[in-house]
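To begin, one chain is listed below as structure tokens, in the form predicted on its own.
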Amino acid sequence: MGHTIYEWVYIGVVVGILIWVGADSWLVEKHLEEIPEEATTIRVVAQQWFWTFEHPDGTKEVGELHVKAGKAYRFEVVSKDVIHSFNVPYFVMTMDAVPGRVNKIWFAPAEPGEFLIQCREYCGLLHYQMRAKLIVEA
């Protein structure tokens, strides 16, 4: 009993769809991980239970981050104590802050506004207060 031509066509179509979906997913992931060269680097320091943001000129902000709309930003996320998770829900952006590691993520806000920054990893007793404000200026 051999396979009919219809079975081979079916297998070919399924394999073709899987290759197409895999290639498309790879392209999307590659685009998300490629940080634009012109991106401004901001160091995000997590510690129980607040966020500190360090700009390239040495300026530091605690509990509030000011950025400009239409520019790309690269965040280097670090932790001073335990595992935290840098999260900006509006931009669907999350990156773990792990002691001894520098994790990177980027975004480019398109329009001005105020957005919530929070910790998404339970990091201790006052975890629920580990919030900050992202202010995107025009």
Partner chain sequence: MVLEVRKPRPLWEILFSTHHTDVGLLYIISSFVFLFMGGALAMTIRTELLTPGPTIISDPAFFNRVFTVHGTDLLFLWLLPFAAGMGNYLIPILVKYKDMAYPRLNAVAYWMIPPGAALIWLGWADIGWYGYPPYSTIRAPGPAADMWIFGLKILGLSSILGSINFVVTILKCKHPDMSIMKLPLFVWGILTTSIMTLAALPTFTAALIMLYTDRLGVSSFFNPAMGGDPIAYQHLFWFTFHPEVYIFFMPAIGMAYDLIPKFSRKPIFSYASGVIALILLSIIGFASWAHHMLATGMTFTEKTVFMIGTLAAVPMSAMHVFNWLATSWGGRIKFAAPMKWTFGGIALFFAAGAGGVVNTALPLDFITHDSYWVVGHFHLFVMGTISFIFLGFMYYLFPLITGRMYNERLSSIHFWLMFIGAIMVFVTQHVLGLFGMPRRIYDYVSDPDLIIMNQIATTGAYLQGIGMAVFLYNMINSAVRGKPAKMEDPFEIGEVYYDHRRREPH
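Numbering follows the first chain given and starts at 1. We call the rigid core whatever largest set of C-alpha positions still superposes within 1.5 Å between the two forms. It should be emphasised that the depicted structure is a prediction, and the values quoted were computed from it without experimental measurement.
The form predicted in complex with the partner chain exists for this protein as well; it is not shown, and the discussion that follows is about that form.
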Would E7 show up as a contact with the partner chain in the predicted bound form if we use heavy atoms at 4.5 Å?
yes
Close approach of P36 to the partner chain in the predicted bound form, 4.5 Å, heavy atom
no
At the 4.5 Å heavy atom threshold, is R131 in contact with the partner chain in the predicted bound form?
yes
Using the partner position in the predicted bound form, report whether K68 sits within 4.5 Å of the partner chain, counting heavy atoms only.
no
Quick check on this chain: which one of G63, G113, P56, P99 has a heavy atom within 4.5 Å of the partner chain in the predicted bound form?
P99
Within 35 to 63, the residues that have a heavy atom no more than 4.5 Å from the partner chain in the predicted bound form
Q48
Verify the C-alpha shift of G124 between this form and the one not shown: is it 2 Å or more after superposing the core?
no
